[in-house]
Ligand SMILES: Nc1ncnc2c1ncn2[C@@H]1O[C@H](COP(=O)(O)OP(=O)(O)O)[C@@H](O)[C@H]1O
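What follows is a single chain, given as structure tokens, in the form predicted alone.
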Amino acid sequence: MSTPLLSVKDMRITFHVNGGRDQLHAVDGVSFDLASGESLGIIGESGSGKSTIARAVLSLLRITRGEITMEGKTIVTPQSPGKPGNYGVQIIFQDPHAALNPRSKIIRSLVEPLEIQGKGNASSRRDMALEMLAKVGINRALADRYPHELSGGQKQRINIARALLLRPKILVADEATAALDVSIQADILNLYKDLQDEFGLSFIVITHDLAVASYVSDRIAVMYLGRFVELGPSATLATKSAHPYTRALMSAEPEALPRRLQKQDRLVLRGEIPSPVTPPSGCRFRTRCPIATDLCAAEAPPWREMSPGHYSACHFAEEVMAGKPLDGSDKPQNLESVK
């Protein structure tokens, strides 16, 4: 078996809050591999820990436990946080407007990373920047304009060009289409695919939008309150999800149909995501799960492989995969429901 391009093992990230009296468990025991040329989508509600994982992979946060390796070489541990930008990982930020210095021309924003890394001279850096602009579909004539003279879609393409100039192996897209119009989102997602083919890139796509994750990702990880609850091929999660939370996210996707033609069996989650300072015992999703039982409160569900490459952390994953109703009317037998 080939060595993964990126490997995250049992990563935990804890913050001290309330004057140091309490600990906030932002990421609590997450592991995954990323192969060369693969796209991994990480989805979940706000506050689930998605962006915290992204920052840790970029060496922007110190991890509390675990390790991150790149091509078999350890790059991040709790004792050695690593240096940002040194391991072939770059980020595309969510807000294309805030990501560019409004007082600098586009060409200046592009060549600055090359200057920091000591690549080439002034002339060659400008040539590299202009060439990369062309690859992301931006006219070179725009290089000498200021950010406020460009559209949001153009600015996001420029941010992508800037990230690519350092020739990364992995691009982290942290909600990178959320601030764009829907039609522009489609253009940017198609650009991801084109660039992936041309440069052999791997992507980590952080999003709350299941449709975006499914379109650009080979595999999807579903995250809830600091932990992965399901991980598998995009097509598998779309047709045979094995966790109630995944089913709920899929049910929440809007349908471009008249109301009379829309599905009537939507699974609506009640309540808010619990505090990561005091997470629930057992299964962390149990306080909002319609099929939760006493077993879910007593024991954390094991991470199980339901089919090749498809994992779930749910005591009743088989029932969920079988498509049983999740309205609480068909709870597993011989177990009393949680009050």
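Don't overthink the numbering: it's just position in the shown sequence, from 1. The structure displayed is predicted, hence computed values, not measured ones.
What comes next is about the form predicted together with the named molecule, which is not displayed.
For the three marked residues, G29, L231 and H310, no heavy atom of any sits within 4.5 Å of the named molecule in the model of the complex.
Shown alone here, P280 lies farther than 4.5 Å from the named molecule in the model of the complex, counting heavy atoms only. Contact annotation for A322: none of its heavy atoms lies within 4.5 Å of the named molecule in the model of the complex. Using a 4.5 angstroms threshold between heavy atoms, E45 counts as touching the named molecule in the model of the complex. In the model of the complex, the named molecule sits within 4.5 Å of a heavy atom belonging to S51. Residues of 2-23 placing a heavy atom within 4.5 Å of the named molecule in the model of the complex, in sequence order: F15, V17.
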